[in-house]
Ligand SMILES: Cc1cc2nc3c(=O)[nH]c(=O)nc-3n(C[C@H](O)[C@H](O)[C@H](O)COP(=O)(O)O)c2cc1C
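The form predicted on its own is given below as one chain in structure tokens.
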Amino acid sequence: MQKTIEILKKHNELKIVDEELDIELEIPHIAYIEVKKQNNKALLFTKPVCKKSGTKYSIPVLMNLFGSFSRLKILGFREDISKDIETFTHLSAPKGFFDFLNQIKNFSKLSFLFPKKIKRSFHTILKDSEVNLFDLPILKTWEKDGGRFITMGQVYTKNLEGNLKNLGMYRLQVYDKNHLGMHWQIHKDSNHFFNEYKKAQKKMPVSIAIGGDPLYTWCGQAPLPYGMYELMLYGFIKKERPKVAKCLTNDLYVPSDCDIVIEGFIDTNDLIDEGPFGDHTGYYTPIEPYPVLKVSAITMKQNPIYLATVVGKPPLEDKYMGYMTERIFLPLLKTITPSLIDYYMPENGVFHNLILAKINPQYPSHAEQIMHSFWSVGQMSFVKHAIFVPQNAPELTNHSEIIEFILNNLDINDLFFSHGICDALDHSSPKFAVGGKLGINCTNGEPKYKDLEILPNDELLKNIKQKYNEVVALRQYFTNTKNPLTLIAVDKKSRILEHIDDFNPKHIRIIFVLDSKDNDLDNLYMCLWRIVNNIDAKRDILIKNNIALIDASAKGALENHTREWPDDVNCTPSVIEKLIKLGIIENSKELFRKYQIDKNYKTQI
């Protein structure tokens, strides 16, 4: 981390904040706003404090480390890593002597995959009664969070037999001075290991490392297949073996240069309520029981740095970490779906909620076949909405052109609905972790229905309100396409899908309905974020008379949705006002409205 900070300074990618700032809300709010700016910086907070307890910390807090494309490049992340992966996925029998030599060269790179065990030197060792998690500047990010959470911990585990290892990145709630909540979800490798220990009635060793080479942290969120150790990616990318050292109180190994290591054991018979937590979806995840780590030791290097991140409404640091994952793992997806050319996960689709894919279709319904392939592969199985376009479509990241192409080449009568697993953080599905999925095939050319008669917004709103008086606002977009988008905001008092006959098919093709209190219809970026978060495709989409009606409102008793509907994450206005007065953040009204920074975003401009 010290070396990383020097590199950031050299490239003018670091802002040092020397003011005393609270680990509860103040530091996370500053980082949350900073990363949304163009040309943002990594932030090093040198004087974190806890105003509630009166604690002043000697350990600085580093945030937004991965928060820009320029910093990814500086830190050694290269898109051409995907070419190395692609080389290995296409290895075949050598065709001659020189081809044999090339393949030997490629295989030699595999020697870097396996960690090298060394001894680790410690500056600080705290064991048993000396352990106190509150001595670390662990942050409380959001007002309604259940407490302080470690957000960039590298979580090291192994299976019961010890032949499989895992490196994951999960949030970790501080309960007291020596207990942490382990938020690993039902689909994660660590949870599979946990079940093995539980069945054997044995305690499970867990170690959490913070800091060290930034690549360790990125590897923790890499979507590798079950049983493949994520730390091996470090060796593949760096072309050097990761150096690991044994922990003091359990038999796990962690990278030797990490700044802070928290060790302990989980009693598999104990679960404690964890949360709520403002997560990367931009919503609070509810309180649910999770395993608990009893901390047996904390070790630290000299002059350690505490690495943290903040998650919530996009765009945030995970945008850039996810981008590298997207690029690097494209070759592996191509091995499963050979007709795949490229794919893209828009940041405001929060990754698993929306994916665009460019394919080379070979026969009728090939796109639908590939959809099934996507929905059966690792973390791609969590994707809720998938849009497939042909190879002649515009670049997937050219937002205006690709949207127009999609809207000119989809037929709402051919939407593909499926059912399967959802991310455990998804709140819109009728059942936990199980819900509807939507596939949109834009590879068949333009739909064969008549063009619409487009009315001005005010006139169309007036016409709709005559039948549907809960509508309070309306905006139309992409009216030059075959499938114009109409967004309406409602003060909902009745079930939205029951109103499909209130819309005239001469004027409307696709209509999204959102709650008026939470949405700005002039802000398509945040409306898309809300829509893909809030719909379950099988429940919330109705097609009739060449109209697709999509209910993107909050669900409850009207829709027979019995699960808790969470609040979305907002900065605390009083904290923002204080930070503006201190001159630490800028009163950027445009930025606040664009990304709905706090509850007052509608009146900020």
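Residue numbers here begin at 1 and follow the sequence given. Every value quoted in this text rests on a predicted model; they were computed, and no experiment measured them.
From this point on, the text means the form predicted together with the ligand, which you will not see here.
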Item checked: Candidate from Asp259, Asp135, Glu143, Glu230 lying within 4.5 Å of the ligand in the model of the complex - any heavy atom -> Glu230
Check: Among the candidate residues Ser207, Ser428, Thr486, Asn166, which is the single one with a non-hydrogen atom no more than 4.5 Å from the ligand in the model of the complex?
Finding: Asn166
Checklist line | Segment that reaches the ligand in the model of the complex - one of 331 to 339, 522 to 530, 295 to 303, 222 to 230, heavy atoms within 4.5 Å | finding: 222 to 230
Margin query: I'd like to know if Thr151 sits close to the ligand in the model of the complex, meaning any non-hydrogen atom pair within 4.5 angstroms.
Written below: yes
Margin query: Is Lys492 part of the interface with the ligand in the model of the complex - any heavy atom within 4.5 Å?
Written below: no
Next item on the list: Report whether the minimum heavy atom distance between Thr481 and the ligand in the model of the complex is within 4.5 Å.
Entry: no
Item checked: Trp184 within 4.5 Å of the ligand in the model of the complex, heavy atoms -> yes
Checklist line | Partner contacts for 265 to 280, taking the ligand in the model of the complex and a 4.5 Å heavy atom cut-off | finding: none
